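Shown here is one chain on its own, the form predicted alone, set out as structure tokens.
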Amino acid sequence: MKSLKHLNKYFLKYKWHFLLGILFTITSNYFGVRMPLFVKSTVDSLMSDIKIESINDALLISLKIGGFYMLLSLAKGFFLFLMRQTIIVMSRRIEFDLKNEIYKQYQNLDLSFYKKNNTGDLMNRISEDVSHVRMYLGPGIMYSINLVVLFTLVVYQMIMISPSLTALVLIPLPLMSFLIYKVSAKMNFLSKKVQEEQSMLSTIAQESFSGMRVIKAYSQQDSVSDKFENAANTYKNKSMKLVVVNALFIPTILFLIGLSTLLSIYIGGKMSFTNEISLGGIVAFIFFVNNLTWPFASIGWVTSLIQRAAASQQRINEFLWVKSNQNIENETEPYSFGDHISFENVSYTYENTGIEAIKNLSFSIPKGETFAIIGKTGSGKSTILALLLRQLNPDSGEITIDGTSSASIKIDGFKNALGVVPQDVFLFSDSILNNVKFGSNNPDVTQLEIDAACETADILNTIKQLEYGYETLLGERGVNLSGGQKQRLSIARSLLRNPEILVLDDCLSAVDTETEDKILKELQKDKKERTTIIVSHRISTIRNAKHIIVIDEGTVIEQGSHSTLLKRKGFYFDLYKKQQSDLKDDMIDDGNEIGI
């Protein structure tokens, strides 16, 4: 139950819903308890005082008794409705707040968190786990309060009628409490296992749907289906173990309640012969015991709800309590890049793999220049950008911007000055227009500005050729566009921000060299105040940069302009010669293919 303490702040927030819910529960049960007492007095009166001399008298008495009983029932039902409208509504509002809290935490967590956790698991915790917590907050709490209030009122009235019979009738209840205590730990363990398997199932499903094109391309439908079926069977088997515990638990509770009913009839009947209790009192006892049947029978269900909620909240807390490496601020300060960005002996090691991606790295990026980073796959290029963009924080060393540590700059203001085109292009399942406008800091961006950004990215003509133009709806991740079209659309989205610092992370790999050259030349026109950082493994992409650093195993091995690096005939020169050779081979292959 310790994990559920996280929810206490929400109980304070919705304290009036909670307190009114308790009040309505007490009121509803008060009228519920008055009903057996009314039956008791009615039966006792019929047995002694009231004389029925005609059918009309019997009918009149029946109407009076039935009418009053109906009024008590309506009053109970009305306050029962109010009880649900307060406690259940409270649970829905807490569910809303908790999902927003989790989502906000997901937004704040840094890149390393997402490298260690699966999307399916993240989705399961914000959906299924929160749903289980809501069941505790709503039905779980409501039925628990109802049981406590009803038990207190009923036992008090039973004692007032016959203390000795009450003691005998309640004998099965301690045994019931012992069973609940013993089974709860087992249910908690099983609930946690079920939730873990459900997360695994969600992860497999999410990955399968996202990678459906790859699965079909390699004809791996059967193997993926087998993997999903095995996970589903594991989930089913663990769920069935939990169901078995519940299936044995609830009938046991019902048996013990039935035993109390039999004791009421048998012992109460014997006591009536000695006038220790009236016939109406026995009838009332049977009503009272039956009134306790569902609340006590629901103990097993409520216990299951609480245990599953505790297991789910524990899983939620694992993510909520993760400390982000970033300093996230609520407020945004305007930011303007003034002079230079510097890396000073920066090192970074990935926690999940132990790989030291960056080692004592130092370099400087002046404002207004085109700065390029090149290196082999895995050399640390993307890690440098992640550190620059504050998606990661360095293990040692310092990154400064205009002489100020980047960690002290308000991150929202800093990001507003950035335009980032990532290596892994992501487009939303929305129109082309909304995907481009997503990058704008200005909600009133004009169509002319959008066209200009698309023209610079060399995607405007392609958009105009589409049947619905900018209103063309894209599939998931822009599946109905080619790789090059997606990259160019992503560039246009970034340019629409009119950023002071433009970061291109190997985002031209899917376009031909002619289109690439055209885009890069367009980016240089009339943008002397903009600082452009280009990361690539292709020399054709970065050859016009004013300053180039060559990265290998997380360190700078060469730096300078394109011409300077070629003259040194080092790593950069060898890479250039190899890429030139590969390009010529490709051209020869293409020529042979068409019969030249």
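Not measured: the values here are computed from a predicted model. Numbers follow the displayed sequence, beginning with 1.
A second form of this protein, the form predicted together with a small molecule, is not displayed here; the remarks below concern that form.
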Review point. Where, among 303-311, 360-368, 345-353, 286-294, do residues come within 4.5 Å of the small molecule in the predicted complex by heavy atom distance?
Key: 345-353
Check your understanding: Quick one: does Gln423 come within 4.5 Å of the small molecule in the predicted complex, counting heavy atoms only?
Key -> yes
Check your understanding: Heavy atoms within 4.5 Å of the small molecule in the predicted complex: does Gly380 have any?
Key -> yes
Review point. Contact between Lys115 and the small molecule in the predicted complex at 4.5 Å, heavy atoms?
Key: yes
Exercise for review: Indicate whether the small molecule has at least one heavy atom within 4.5 Å of a heavy atom of Lys376 in the predicted complex.
Suggested key: yes
